[in-house]
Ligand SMILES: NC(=O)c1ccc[n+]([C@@H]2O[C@H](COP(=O)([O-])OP(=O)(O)OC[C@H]3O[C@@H](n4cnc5c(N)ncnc54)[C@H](O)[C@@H]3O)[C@@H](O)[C@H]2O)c1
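First, one chain by itself in structure tokens, the form predicted alone.
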């Protein structure tokens, strides 16, 4: 098989040039087959007499996209990479590497081992390993500084974002940009080198300029790491490995790099990040759907509601090249929604993300209408109006009369019972939840909620539709709040309880953000609008326990006219045009007054208590969701929270975190707060009790369930 992946051809009048070509679709990962193929190819090339030069290139959409992340869990492979890359570097004739597409991680590292580097226009380069909790482990920390210095290497590695050919050339690790046919141009570049008498140029033999690694420079990057990567060690490990290139001989530097990367792989941040990486790729695997069920083609979309969410959903389709019709109830609402869509695209143009031509093309795919008949040709229609069951059922009844028999009928509801919505149509198998997260055109998560009657093809169609929409789909079953919002309930409940107990909102949010949450929950409420949560809790009052203090912080602020950022006052105060949070004594006084009315006595809260009281209910509810079959697997819950709720990827998601701290720790913590507050909100999930009793981890239980399915 490796022989098919890697081929060798000759060029030149006498075949004096060897061209090694790799084709390992879809993205030319440097997996075991590629490494074996390259090794075999080098066996032959190294023996050739009259060899004058070697060209390494890839077919397909990209040059090597990186190492095989699937090998992270197995035995270390660094020595194998090191030996293979050294063989390219050891040639006594020039070795040119021709790159295109997205050249990441190990893909860039193999290029650094070659003697000359050329690329097609538009190629992107990066060393993003720190985002996976590790460091470049195939020579990158030792070769790159020898080409561009320590300072520029640290900028690239800690920045973790791809750079273009201009930046690569300016930095000094790209020698030329080849317009036109890359393979032919790179070969001509190689021939020209030989004609000019230029020989090999080994990166490993270069010296690192110590002026690029002064104490001031290194300290600056340590400070950057502290701000950019809180609670993580990998950036500091990268700094250590890269700065070691100044003082260590190359061979010793490679050994040190290997030692450090293998240590990094054992950390929670690395295991958590890799766990999420694979979890996101598993969400489309649905047990029980026959393999011959194919997704229907989606060539035309419809959206009901031109508000913030509906407009964002329409943008998702337009960005994917799919025409979308937005139907609204009024001319005013439609005009306002289309204007906001235009402003969104204007912002993207201003930030350089798209061109004016892109904007015009995408805006041309979005049309407005007041007539449901305009949806007659839609392959999917997504309802995105406010949370009213009566309104949604009315809309679905109208859709049932006008859309194609095989069209997907989706609702964007975040809390309502989709089973009841499906009752409004004659084809309940076509009804499904597509819960986008705000802003819909930005947030990657898509909760896909199936009813008992949703057909396998409808499920498959929506899961596949998520790809062009650039969404990460997670399948759930119907329940209040589905996965994410249901788990949010206890998490937010405790945050609100603590501000009634006297904690400053900044204390609560600060502790959560220091722990790793992207935004504290009270700040989230201010951003979303405090009335949103109030309306949900009013509409679902019968679902919640008889606790007079339940979510009363929200209610108190709402009743005082504090809606959050939209009117400049919520848990915090905001200046016009500025989202910076300012502490507000008025908000504190309102919360204190409500607490006194409820008979809640003030008390102090440590950051540890804030974290435990917010996270323990979150993890506990996740275990209930798993046992009830609302989520297919624990990793799906982790994807929901890392993709849609700001849970830190380096902690692996809430279910991964539960195993990290230990289920016994979680169980004992819940009982600790039960003894303090009573069992109303503090009752261990049955699955948690079971696993603690049996001494099993959640990962073990989940693996057993997946095997059974």
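Remember, it's a predicted structure, so these values are computed and weren't measured experimentally. Numbering follows the first chain given and starts at 1.
Form predicted in complex with the named molecule: not shown, discussed below.
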- prompt: Each of 512, 520 and 614 near the named molecule in the model of the complex, meaning some heavy atom within 4.5 Å?
  reply: no
message: Is residue 310 near the named molecule? Define near as a heavy atom within 4.5 Å, in the model of the complex.
response: yes
- prompt: Though only this chain appears here, would residue 412 touch the named molecule in the model of the complex if you measure heavy atom gaps against 4.5 Å?
  reply: yes
- request: Give a yes/no on whether residue 386 approaches the named molecule to within 4.5 Å in the model of the complex, heavy atoms considered.
  value: yes
- request: Considering only heavy atoms, tell me if residue 392 and the named molecule come within 4.5 Å of each other in the model of the complex.
  value: yes
- prompt: If you check 324, 487, 327, 495 against the named molecule in the model of the complex, which one has a heavy atom within 4.5 Å?
  reply: 327
- prompt: So which of 306, 114, 154, 631 reaches within 4.5 angstroms of the named molecule in the model of the complex, heavy atom to heavy atom?
  reply: 306
- prompt: Which among 81-89, 248-256, 430-438, 622-630 is in contact with the named molecule in the model of the complex, heavy atoms within 4.5 angstroms?
  reply: 430-438
